[in-house]
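A single chain comes next, written as structure tokens; it is the form predicted alone.
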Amino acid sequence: MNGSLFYLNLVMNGLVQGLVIGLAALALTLVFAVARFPNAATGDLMTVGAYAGIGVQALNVRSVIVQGAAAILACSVLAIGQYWFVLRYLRGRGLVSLLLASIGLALATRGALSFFVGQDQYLFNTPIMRPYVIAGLRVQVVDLWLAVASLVCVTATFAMLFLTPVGRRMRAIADNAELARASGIRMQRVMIPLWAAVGAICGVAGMILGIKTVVLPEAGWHILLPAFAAMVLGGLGNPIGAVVAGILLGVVQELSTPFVGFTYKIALSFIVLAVILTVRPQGLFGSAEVVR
């Protein structure tokens, strides 16, 4: 029984970790679907969000909501800036050029953070609260609030995609960019809201990551590889699949920790990815394409 409770607690931790991976994968998927390249700067955007929250905390502002708002604002401004000053000039030059540019932006962001804040570890001062105990299962109150914040972020993103004109334009471009352009949809008017949304998602994910772990310049980088795996596993361009796959990978990673340790649990993401793609090459939620 104690063993069962131990693994159930690992599942609970994995759900929160999976939500972070799912949010990062969602940000990756939005860029991949609309802008047609995998944004390697996603993890470092999350790190910026975590540091923005820490910066507000250093001003003796204890409200997590205010800290989160600062993280969302900082990541959105940075994401729009990266697009406006770098990525938009490479549009139409192919996936490789945009991917390499995003890697450069990631390294530049990480280097700037290391230069200005150093390699010291920072922690969020969250209040200590007694966990809920349900049939022997310990549920941390902080985890519940983080899960709620993640779900609110995911819900807001899907509401934007499916209930707003700009979201419909994004989905039109994702489905068929040439047809969308012929229909009068201007790519430029979609890109700014897209990168603002990606920044907001990364801000929320960065705050959750910082609260659950420690804040370091490399914090977001460690999430990027599982997020890439979740994006592929969920079906390229499928935002729902990306979130579900991220949660799945987070749970698998936590359940594997007693067997492979913390250092190697990330490798499990790619083992799961390889196994599932062997059986279903289009991913969990992707649709098979027939080439004639």
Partner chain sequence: MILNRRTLLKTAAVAGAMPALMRTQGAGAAEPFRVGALNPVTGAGSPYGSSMQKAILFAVKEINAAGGAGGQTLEVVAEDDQTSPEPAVLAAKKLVEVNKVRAVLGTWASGVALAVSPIFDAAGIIHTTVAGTSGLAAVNKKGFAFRFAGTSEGIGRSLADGALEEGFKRASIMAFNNASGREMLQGAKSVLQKAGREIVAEVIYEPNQPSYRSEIQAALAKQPEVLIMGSFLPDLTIILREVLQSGADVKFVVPAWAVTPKSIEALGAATDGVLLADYESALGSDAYASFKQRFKTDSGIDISGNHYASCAYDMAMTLALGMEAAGAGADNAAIVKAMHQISGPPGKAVSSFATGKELIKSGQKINYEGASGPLDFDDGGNAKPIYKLMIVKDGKINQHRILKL
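Positions refer to the first chain, counted from 1. Predicted model only: the values in this text are computed from it and were never measured. In this text, rigid core is short for the largest set of C-alphas that superpose within 1.5 Å between two forms.
Quick note: we don't show the form predicted together with the partner chain, though the next part is all about it.
Among the residues I192, V142, M187, V166, the one placing a heavy atom within 4.5 Å of the partner chain in the model of the complex is V142. Interface membership of I211, defined by any non-hydrogen atom within 4.5 Å of the partner chain in the model of the complex, is confirmed. Interface residue remark: A135 is not counted as part of the site for the partner chain in the model of the complex, having no heavy atom within 4.5 Å. Under a 4.5 angstroms non-hydrogen atom cutoff, the partner chain in the model of the complex lacks V252 among its neighbouring residues. At a distance threshold of 4.5 angstroms between non-hydrogen atoms, V20 is in contact with the partner chain in the model of the complex. Of the stretches 150-158, 194-202, 218-226, 170-178, only 218-226 has residues with a heavy atom within 4.5 Å of the partner chain in the model of the complex.
For the stretch 123-157, the set of residues having any non-hydrogen atom within 4.5 angstroms of the partner chain in the model of the complex comprises L123, F124, N125, T126, I128, M129, R130, P131, R138, Q140, V142, D143, in sequence order. When the rigid core is held fixed, the Cα atom of L10 travels 2 angstroms or more between the shown form and the other one.
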